[in-house]
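Below you will find one chain, with nothing else, as structure tokens; this is the form predicted on its own, and questions on how it binds or moves follow later.
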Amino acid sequence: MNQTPDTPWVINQPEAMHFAVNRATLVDPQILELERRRIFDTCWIYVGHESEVREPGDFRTRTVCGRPLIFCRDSKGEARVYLNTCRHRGSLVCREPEGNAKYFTCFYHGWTYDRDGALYGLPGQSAYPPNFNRAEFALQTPPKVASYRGFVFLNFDSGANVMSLDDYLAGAKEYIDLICDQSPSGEMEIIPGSQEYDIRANWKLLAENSFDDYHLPATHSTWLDYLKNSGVEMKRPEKGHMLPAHGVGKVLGNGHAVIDNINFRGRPVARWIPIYGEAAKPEIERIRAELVTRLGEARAARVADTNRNLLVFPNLVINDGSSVTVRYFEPRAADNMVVRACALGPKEETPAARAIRLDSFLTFYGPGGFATPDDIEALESVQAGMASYREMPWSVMTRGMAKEGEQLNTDERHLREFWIQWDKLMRGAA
């Protein structure tokens, strides 16, 4: 099929069991510019976790939706988000990645703002006209900022009809709650230290990859061999199932989706497996017992015995597997993205449990782990293949379309959900 200006981006024909994505969506800079306006400027986008800024004056600077931001605690201890730009001539007012500050001072002309965002002082105020009102020049905030269970989001849509964060998260809240139930107090925290790296690929490819279990046996065969050789009981693919032996893909509304799997590789709140070492057994057994006492057998099993890769549309992924990984990413170009990944754990976690968690996090998701380098290589390979999009314009995504009822984690219903929401927003139909 030759592409024309009227060629669709997504073909969704359930009756014909046909679903395809136009590969131009992964290479065209004009499409990226439209995404920035119709997706990143209208959806609730993850900023950070409240645990990253614990005390008044704590701050982190980061870029979200292409805007430089200050994520901080104000003087009352409330989590705040400011646009990191001086109200005078636009320079950054905070150029450090993190720290604690009572004031943020623009190094260009010296305008100073306090941690509540107010303009505290400026050199030579008497030179300004009599109608200059300092109160009108506070640091600007995004139109909407809200949080759920410690996860802070913003929305740059200033319209009155924007749905609340609670409504936007829809079914994703169930899975965030499962994560938070790992903590006796319900409080999870970002563990200090993070990974930040570029991938030479379109950002939507990482969204797909992050909750796609179909690629596991082929792309991560080294990891599966490592588990098997370490004495972990493995399951063979059968009846259309890939590893793990059973899992489902679920759509959660508003483009969010999840793969929800029976745990086969162990996790620090589930069960001991050989790669954790004998010394880890007592701590994992203690954690499991606490979960059962606090939550009951059924809820404890739900928290501990299933792995979950959750995509919160468009660009937040929470992988709750052998560790809990918070990963968010945004485009720098049509064929380049920046990725940031952190580990999340219970606030009350003991040093022994934290060591197991971090080892699991780095072993699989670390820069030199079993998963991350494989996935980066796969996505960059896909992006290289996209150079032939004019001759081969369509990527097929029909796995599982002939089924009624439950979809497997290795089917593509949850991936199609992402693209259906993407297409709806891009066409302005939301």
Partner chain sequence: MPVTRQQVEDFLYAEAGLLDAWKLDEWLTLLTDDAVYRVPSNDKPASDPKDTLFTIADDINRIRARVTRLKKTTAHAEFPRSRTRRLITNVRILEENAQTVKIEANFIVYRFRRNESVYQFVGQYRYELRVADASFKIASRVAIIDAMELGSLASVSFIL
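Numbering follows the first chain given and starts at 1. All values derive from a computational prediction rather than experimental measurement.
Although not depicted, the form predicted in complex with its partner chain is the subject of the following passage.
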Worksheet, complete the sentence: Within 4.5 Å of its partner chain in the model of the complex by heavy atoms, the stretch out of 66-74, 357-365, 43-51, 385-393 is 357-365
Worksheet item: With the cut-off set at 4.5 Å between non-hydrogen atoms, does residue 29 touch its partner chain in the model of the complex?
Response: no
Worksheet item: So in the model of the complex, does residue 56 come within 4.5 Å of its partner chain, heavy atom to heavy atom?
Response: no
Practice prompt. Considering only heavy atoms, tell me if residue 102 and its partner chain come within 4.5 Å of each other in the model of the complex.
Written response: no
Discussion item. Check residue 377 for me: does it contact its partner chain in the model of the complex (non-hydrogen atoms, 4.5 angstroms)?
Written reply: yes
Worksheet item: Of these, 198, 166, 305, 177, which has a heavy atom no more than 4.5 Å from its partner chain in the model of the complex?
Response: 198
Discussion item. Please identify the residue among 91, 141, 222, 147 with any heavy atom within 4.5 Å of its partner chain in the model of the complex.
Written reply: 222
Discussion item. Can you confirm whether 98, 343 and 369, the three residues that make up this candidate site, all sit within 4.5 Å of its partner chain in the model of the complex, judged by heavy atoms?
Written reply: yes
Discussion item. Do any residues of 171-193 have a non-hydrogen atom within 4.5 angstroms of its partner chain in the model of the complex? If so, which ones, in sequence order?
Written reply: 191, 192, 193
